[in-house]
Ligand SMILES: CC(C)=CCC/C(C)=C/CC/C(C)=C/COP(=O)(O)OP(=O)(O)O
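Here you get one chain, nothing else, as structure tokens; it is the form predicted alone.
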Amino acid sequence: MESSPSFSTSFSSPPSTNPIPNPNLDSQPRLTVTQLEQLKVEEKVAEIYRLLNGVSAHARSLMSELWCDKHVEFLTRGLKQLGPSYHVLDANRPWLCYWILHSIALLGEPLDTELENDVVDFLSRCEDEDGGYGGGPGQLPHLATTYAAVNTLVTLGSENALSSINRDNIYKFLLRMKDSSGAFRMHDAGEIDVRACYTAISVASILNILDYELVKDVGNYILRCQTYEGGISGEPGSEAHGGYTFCGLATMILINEADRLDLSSLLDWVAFRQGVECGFQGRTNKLVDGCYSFWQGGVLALMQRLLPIVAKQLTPSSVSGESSLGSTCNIKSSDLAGQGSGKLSDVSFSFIKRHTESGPLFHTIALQQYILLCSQVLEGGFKDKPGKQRDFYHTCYCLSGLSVSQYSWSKDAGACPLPTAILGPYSNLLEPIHPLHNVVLDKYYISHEFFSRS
């Protein structure tokens, strides 16, 4: 803590020379850098919304239109050729494949067969001979790029793409990344955090290789990361964060332990992250960012199916000592060890099949308004916020958040929403996603069937 020299100066000065405090000066608040930036963002967003409200209904509809052709053009161009400024992402090339191809799939655009084969060939060269995918050919295998590569191949969905994945080697890689704490390392001698837990468990689940050895003590680690605010941090003792909260909650659902979290406080924390701009912030007292349309909106989409558990957590047990918590998907604990008929990999499939009686837990039209008016770039792509530049990362997660918000009124996964759930023309409707893995739902079903054969 910094010292306050003004105290010693005033107390050592003679009373007659002490300046008289000016109440007007004292009452002026001193704004932090973040607060000043927040005011700038609010003004930019308010200017956009004032423009929207001052035009005719037809003009408002045009302003709220999703410019699909421009986005596809931007994305396809990036898949074929990137400029020299992208050299800093050399270790993230599977991510670039995922961000771009997932965005194209959300827009319902088919991919050229030759281009698809090129992607499969490239990712095969990123696969390490001992399991896992690196950021590029010959690079160190890493959980994050393994997740990106697997999600890309699932998004492609062809026999060629899915059969290119060496599941046995990936399983061995995941076991090597398993730490004695129960969590996972991102790579050999790498960091341990909730992101590593999610990428490992999501990959294992979607490939139908999730078992007790991988799951053991993961839940205990994530529980230690839930903060006093209700959100989840990257590691124990850190600040709650939207990305880590999604990763933590999704992981707990996939391992069938979501009921161990304090879901009520988690729900409160995420719901209050939707701000006056209509988009989501990632942390308390931080600026809005288009990517949290998915990271926070996705959490609330998951929470819709967990509300019965929230209700049980808030209801005192009728019998002393009896737990009021219910399991996420009704898979018996004996099945964790492979002793029952259910499988952990079936949790993801069962979860998305659950009917929900709840409406959305956030203002879905407001979020769509922020994405379409404040993040969409008319030349193609999406950006963080007004004043920022477009990129493939924000394009992917803005579109994912847009899909989540459009389908949040649907009681069953993938059911077509009513026109009132869509901001702008109904042609804005995107493909639905599986919110646990963030892949297009139809592609998930194809991969689930493919990997369930063996």
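The structure displayed is predicted, hence computed values, not measured ones. Residue numbers here begin at 1 and follow the sequence given.
Here the subject shifts to the form predicted together with the named molecule, a form of this protein not shown in this document.
- Taking non-hydrogen atoms only, Pro360 never approaches the named molecule to within 4.5 angstroms in the predicted bound form.
- In the predicted bound form, none of the heavy atoms of Lys383 sits within 4.5 Å of a heavy atom of the named molecule.
- At the 4.5 Å threshold, heavy atoms of Trp67 stay clear of the named molecule in the predicted bound form, well away from it.
- In the predicted bound form, the named molecule sits within 4.5 Å of a heavy atom of Tyr292.
- Annotated contact segment (heavy atom within 4.5 Å of the named molecule in the predicted bound form): 292-300, selected among 84-92, 261-269, 292-300, 372-380.
- Checking Arg195, Arg273, His102, His71 for any heavy atom within 4.5 Å of the named molecule in the predicted bound form turns up a single hit: Arg195.
- Among the residues His187, Arg283, Arg305, Lys178, the one placing a heavy atom within 4.5 Å of the named molecule in the predicted bound form is Arg283.
- Taking the named molecule as it sits in the predicted bound form, the stretch 230-266 comes within 4.5 angstroms of it through a non-hydrogen atom at His241, Gly243, Tyr244, Cys247.
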